[in-house]
Ligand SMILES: Nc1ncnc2c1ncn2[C@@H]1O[C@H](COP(=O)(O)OP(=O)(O)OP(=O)(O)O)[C@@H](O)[C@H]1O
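Here you get one chain, nothing else, as structure tokens; it is the form predicted alone.
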């Protein structure tokens, strides 16, 4: 779903603005598929982006300018994404009507479904399908998106401040789904009564989405994310956040079955044990949060009985043994989602994207959305 569209010119550049990094991907059609022609990422100053929202637009603009200087991206028009607590995605049922009529009706109906004032929001929607009820009422399923106007304004300011043109604003979770599963039904075999969940763990937030027959039908944002795990280690060992981040990467979680982990050179057994304990506590909280989200989705739909397949992605998904913990805790098959499985990579972009492979998914999905606009 290419939502909250500004302008009409197509773009093949996806710009992902995250808590710790800005990332850019340039994608072009190639035969029956796509080729990633350029990729890059640079750091964002601490505090410039918090909980998925831009706080310091000028600092983000500077980071984007640096990103363009360092990468091989060619072009100024970009598609970007938003993902925070002020982006609301709802699947709603309405009496069947033509699209033009729905365009007007949604302005009046939306307030019943979103927890913020319609006048402060930018609305978009996509018709998922229609059906007949047992009482022969013709109904339609509509995916409604509402984003806070001020938050969108800050995003526009940051991008235009970097000298770029904004072609489209998408919901980041939709871009993630697009990068991993493509558009529409039939990309992954969905058995009757099942759906696929996607867990995208970035530094500042986690996106939890549920996809059924190729359609993202549920999205929830959690503040439990990669930096949460790092901060827990920092607190337990009384070290800096940067040291904790490094310990998280090199030590990771112990084996989920044996509770044992590899001894890392330069890290004492006592430190290793404290890292393991800190991470296990946070991961157990994380699993409980994901389970609540998925259980909520299952109670809201009569078509899906269980979720047995989960795609895990994002820079925070690289935590050692995390997929095994999620698989055991959620009683589901957990697979690592890789956006590069679905496309070719130009030789000039291989080094840059391989260095940030798990973090690249959102930017790639945004670029693919720009192509399809």
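Just so it is clear, the model here is predicted, and its values are computed rather than measured. Residue numbers count along the first chain shown, from 1.
Form predicted in complex with this ligand: not shown, discussed below.
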Query raised in the report: Do residue 202 and this ligand come within 4.5 Å of each other in the predicted bound form, heavy atoms counted?
Result: yes
**Report entry** Contact test in the predicted bound form: residue 94 vs this ligand, heavy atoms, 4.5 Å
**Finding:** no
Query raised in the report: With the partner left out of view, is residue 40 within 4.5 angstroms of this ligand in the predicted bound form by any non-hydrogen atom?
Result: no
Query raised in the report: Using 4.5 Å between non-hydrogen atoms, is residue 178 touching this ligand in the predicted bound form?
Result: no
Query raised in the report: Where, among 248 to 256, 147 to 155, 115 to 123, 67 to 75, do residues come within 4.5 Å of this ligand in the predicted bound form by heavy atom distance?
Result: 248 to 256
Query raised in the report: Tell me, which of 227, 293, 278, 272 has a heavy atom within 4.5 angstroms of this ligand in the predicted bound form?
Result: 227
**Report entry** Within 305 to 341, the residues that have a heavy atom no more than 4.5 Å from this ligand in the predicted bound form
**Finding:** 315, 316, 318, 319
